[in-house]
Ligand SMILES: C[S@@+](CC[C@H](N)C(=O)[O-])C[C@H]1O[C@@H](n2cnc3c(N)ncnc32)[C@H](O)[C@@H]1O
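Presented as structure tokens, the chain that follows is alone, the form predicted on its own.
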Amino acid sequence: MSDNQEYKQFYSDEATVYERTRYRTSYGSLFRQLHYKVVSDVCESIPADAQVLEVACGTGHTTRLLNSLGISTVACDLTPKMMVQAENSIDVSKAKTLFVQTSAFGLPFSDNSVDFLISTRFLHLFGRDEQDKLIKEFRRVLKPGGTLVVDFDNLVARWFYAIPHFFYNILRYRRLAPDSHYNTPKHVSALLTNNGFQTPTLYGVGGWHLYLVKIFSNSLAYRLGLRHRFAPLRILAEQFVVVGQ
């Protein structure tokens, strides 16, 4: 995908099936549990009066978690149809969530106006130059001392799962390769530190091999998945959740 219009069209078409195909499969539900655990732990330090921004909220995977934790959030996305799904899925009695349509490359927020910015399942869509532009934009709106939470697809795991990835993309999207870009921990750390963040903390999340364990025991797969947050098993994780200040 090369521009905003292509992304907008693709995700408009995907809006009604996105949750089912990403998070309601056997592995997808396990990934959601593991991802929520990491993000929940990170969010424990958010003050009640913090200005919280979620970029690329999609159908509300992370928006719902923030809402359930009682965190008031401004959630933005390029695609209105995705945001409708997100808005319909939150509990308005738990926390305020304001939805804003915008491109992540030009956020309509002032410099140094946000305490906590989170963007999940998003940066893997872009090459390294565009990832750098996005991190710069995120840095612009964050206050000094603010917290950034983003995630990246793991390059090592990409090759470890090369054959499953191939068949998944043939069956799901009728294409040979995913529209994804992969990163190493070294590059992720450099990307943030070069843009003014302190040495970031990386947590591994997920891993397709956990599905084989889940066939026998969901609880065992979850416990093993939690061990993928840190080295040495982190190298096999599907994604890295990265926290920088």
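The first residue of the shown sequence is 1; numbering continues from there. Bear in mind the structure is a predicted one, so any value in this text is a computation, not a measurement.
Another form, the form predicted together with the ligand, is not on view; read the next lines as being about it.
Listed stretches are 40-48, 57-65, 188-196, 201-209; the contact stretch with the ligand in the predicted bound form is 57-65, by a heavy atom cutoff of 4.5 Å. Only one of Val114, Ile135, Ile90, Leu125 comes within 4.5 Å of the ligand in the predicted bound form through a heavy atom, and that residue is Leu125. In the predicted bound form, the ligand lies farther than 4.5 Å from every heavy atom of Gln245. Within 4.5 Å of some heavy atom of the ligand in the predicted bound form lies at least one heavy atom of Met82. A residue is said to contact a partner when one of its heavy atoms sits within 4.5 Å of a partner heavy atom; Thr120 meets this definition for the ligand in the predicted bound form. In the predicted bound form, the ligand sits within 4.5 Å of a heavy atom of Thr102.
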